[in-house]
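Coming up is one lone chain in structure tokens, specifically the form predicted alone.
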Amino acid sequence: MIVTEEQVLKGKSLSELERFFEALGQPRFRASQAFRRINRHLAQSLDEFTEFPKALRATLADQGALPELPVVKSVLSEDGTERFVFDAGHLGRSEAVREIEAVWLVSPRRRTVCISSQVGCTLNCRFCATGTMVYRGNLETWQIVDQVYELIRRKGEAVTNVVFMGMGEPFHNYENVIRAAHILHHPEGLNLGARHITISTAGVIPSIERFIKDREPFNLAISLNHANAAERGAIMDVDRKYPLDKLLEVARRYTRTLDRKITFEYVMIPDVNMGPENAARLVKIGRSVRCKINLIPLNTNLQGWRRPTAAEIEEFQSTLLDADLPVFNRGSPGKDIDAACGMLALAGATT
């Protein structure tokens, strides 16, 4: 059965559900009932919608209103990180199987889910394995939120944080990503705090401007990775369309308009972006934008690049700390199972 996005209950906002049920001749309160069942109770079957008459449940079942995002496989790391591979075949359409990944990350006080927004990626950052994949399309909203719900069900624990940092460029799937973030944030759903939801972008300026204009409440992270305007484009193709100087302008506008810090993510690559001159430029940027900086050791060797040593990381980080910048080394949880930052490319997948 081919199911259209309009028929799916998952991934719809409360107002969208109200219109959906009104079109079926149902009272508006069915919308809030459905929203809670899906997004708070994480229902997997319409049989769990006990508030609904049997006839309505049967109608919805015939329409395929509650599709699943099945897990193909999972791999567990010794550090507690777990990588999940999902079958993201779009709504039953007869195409080749398309797969995505999500990652469960653990720390003493957090349970974080790193989720994907695209099958493959529209960009080609040279240090990122996802960029080597063929782009197959944007995920629908329900496929985005269902990654979170499935990991909660499988792990049996509450999620404290969600980060849109998996496969794909979230701001090239802006509508669905923002809708998903609001569903996860909604008090009738998981009720995740807005500051516990982070959306990362490589620097898609028009979407950042829209994010600011709409005063979205979620955290924003920019994958910076080079502080030299002339050299950033050599490792991140997005810079050729949205150059660093323009990106920093919009980052400053974000902090001023929304009165928030922005996060800069910086993948450390020896002999590419870790020299003293790179640190000095990053300090200059850090002093000009209200920000925090997350340092991430390189996790791939796609260009023959190597991972920085502990001494190199310490020296680079110390330069930034000596300049009184808020800097954190995020490390590489899940590296042994290809789940660390930049490694999601279906390694070891079964298809």
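Note that residue numbering begins at 1 and tracks the sequence as displayed. In this text, all values refer to a predicted model and were calculated from it rather than measured experimentally.
Just so you know, the form predicted in complex with a small molecule exists too; it's not on screen, but the next bit is about it.
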Each of S13, W142 and I183 near the small molecule in the predicted bound form, meaning some heavy atom within 4.5 Å?
-> no
The small molecule: the contacting residue among A102, C128, V162, V177 in the predicted bound form [heavy atom, 4.5 Å] | C128
Looking at C291, A31, A65, I296, which is the one with a non-hydrogen atom within 4.5 Å of the small molecule in the predicted bound form?
-> I296
Touches the small molecule in the predicted bound form: T300 (any heavy atom, 4.5 Å) | yes
Given that the partner is absent here, does A279 sit within 4.5 Å of the small molecule in the predicted bound form, heavy atoms only?
-> no
Looking in the predicted bound form, any heavy atom of I235 within 4.5 Å of the small molecule?
-> no
Spell out, yes or no, whether the shortest heavy atom distance between P333 and the small molecule in the predicted bound form is within 4.5 Å.
-> no
Quick one: which of 263 to 271, 245 to 253, 184 to 192, 69 to 77 gets within 4.5 Å of the small molecule in the predicted bound form, going by heavy atoms?
-> 263 to 271
